[in-house]
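In structure tokens, one chain follows: the form predicted on its own.
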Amino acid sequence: MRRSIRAAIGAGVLATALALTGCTSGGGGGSSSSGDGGGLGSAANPVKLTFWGWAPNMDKVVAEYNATHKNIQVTYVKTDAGDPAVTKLLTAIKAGSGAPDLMQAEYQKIPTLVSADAVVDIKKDVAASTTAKFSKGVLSSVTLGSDALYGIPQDSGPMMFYYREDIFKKLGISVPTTWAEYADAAKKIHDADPTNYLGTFSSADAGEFAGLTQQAGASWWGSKGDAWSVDIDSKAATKVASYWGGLVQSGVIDNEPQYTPAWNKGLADGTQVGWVSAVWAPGVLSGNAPGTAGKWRMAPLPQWSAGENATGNWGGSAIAVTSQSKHVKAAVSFNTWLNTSKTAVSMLVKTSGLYPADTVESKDALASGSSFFSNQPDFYTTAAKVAKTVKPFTYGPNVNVAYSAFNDQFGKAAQAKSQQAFVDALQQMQKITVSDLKSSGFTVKK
């Protein structure tokens, strides 16, 4: 299946990936070269690994590993996040040298790295007890729907709903458990004060919209044999687009992008009463609206039908082993410790500020809750329950094209304030993404 996945993605996409990331310079951090044949080393002759990543204070986590594992020693190199890091790795892969042994990669970048033979399938070296610690939804981001494993998940971004508890109480509004109730709450809030909104539809956050369609059961890409399928305009995704288009058309929610000065101000002054976001939201709220600490609460994302229990994912990354590593077994050993040991997972929470993808070892570390949500001591307990409900979702090799199309098409629809325009925008995304895949030489089947 691994071979099929690589064939499906296509070897020629390396050039496309480099073009997408818009850069051709860079260099590798240097792979280890002790020539141990892929073993686990010894205290007298340790395996030396290089690890590229960007998570805060990851050097401290690596230092803990080095202090307790004399047979393997890891050199951590902090890189830029996102496209620059991917471009740097792909450049090293193309050059034939200079890549690290391990690389932190956002989930949506995994298909591009696989297509370029930049990362390897490590499934045979990873115990089933390790992969059992992750939700099926998160795990699908590193299997790409195949029986291979292209990395071990590190952190995740399960989506949830944030709201101003004080304003909800003042207006006598119950916390919505369905999207129909969310729409009712949005109307009551806006009717009570036309300057207030329960949320906004942000045409600058394709990842958020993708996560919302994921909750509804959509998966934008799929692969079978040597072909890709694209299903961005699925029935589930169309339902989501139509719903948010209807809210924007009625005017009960805002239509401006998130993370703008106006939106940040709204979080602080109470005109933005709610936010559909992910588990990392406390960092954004505390940074933009510190004066509202203790006024917000978090709840599971509203459901499409009462009694359902599903969510999507917005953000997150995995640690992959690169194809230039000469020490795959040692790299997997470190990778397993980093993302599934109690010591490391605790440090990911307390030292790096991440929300670990491991749903087992993270329980104790997350028990103390979020300081910004001091009024909700079960914050992370609730988040852990939500994290287990992430639905599967497969990213394709041209995520950048699809996300760019989202920005363009939904940007126009949001400003038009037309429900039909939202549906039309989704269909345009489908056409643009399929056309790009075909023009890049991929086989595409419906």
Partner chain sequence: MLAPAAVLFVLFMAAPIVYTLVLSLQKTQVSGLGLGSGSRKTVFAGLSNYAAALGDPDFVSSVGRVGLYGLIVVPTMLILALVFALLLDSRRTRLVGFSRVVIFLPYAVPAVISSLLWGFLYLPSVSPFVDLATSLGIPAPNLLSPNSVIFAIANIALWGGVGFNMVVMYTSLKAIPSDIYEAARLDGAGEIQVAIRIKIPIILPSLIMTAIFSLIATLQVFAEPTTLKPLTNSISSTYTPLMKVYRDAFTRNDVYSASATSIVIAVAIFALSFFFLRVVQKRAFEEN
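Since the structure is predicted, the reported quantities are computational estimates derived from the model, not experimental observations. Numbering follows the first chain given and starts at 1.
Absent from the display: the form predicted in complex with the partner chain. The rest refers to it.
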Interface stretch in the predicted complex with the partner chain - options 261-269, 361-369, 314-322, 295-303, non-hydrogen atom within 4.5 Å: 261-269
field: Interface membership of V401, the partner chain in the predicted complex, 4.5 Å heavy atom rule
entry: yes
query: Using 4.5 Å between non-hydrogen atoms, is P111 touching the partner chain in the predicted complex?
result: yes
- request: Answer with yes or no whether D436 is in contact with the partner chain in the predicted complex, where contact means some heavy atom within 4.5 Å.
  value: yes
Partner proximity in the predicted complex: A116 to the partner chain, non-hydrogen atom cutoff 4.5 Å: yes
statement: Checking N196, S219, N255, S140 against the partner chain in the predicted complex, the residue with a non-hydrogen atom inside 4.5 angstroms turns out to be N255
field: Candidate from A227, A180, A192, V77 lying within 4.5 Å of the partner chain in the predicted complex - any heavy atom
entry: A227
- request: Give, in sequence order, every residue of 85-105 that has a heavy atom within 4.5 Å of the partner chain in the predicted complex, or say none if there are no such residues.
  value: T87, L90, T91, K94
task: Relative to what we see here, could you say if S404 and L90 have their Cα atoms closer or farther apart in the predicted complex, with a change of 3 Å or more?
output: closer
message: Given that the shift is 3 Å or more, do the Cα atoms of A402 and A92 end up closer or farther apart in the predicted complex than in this form?
response: closer
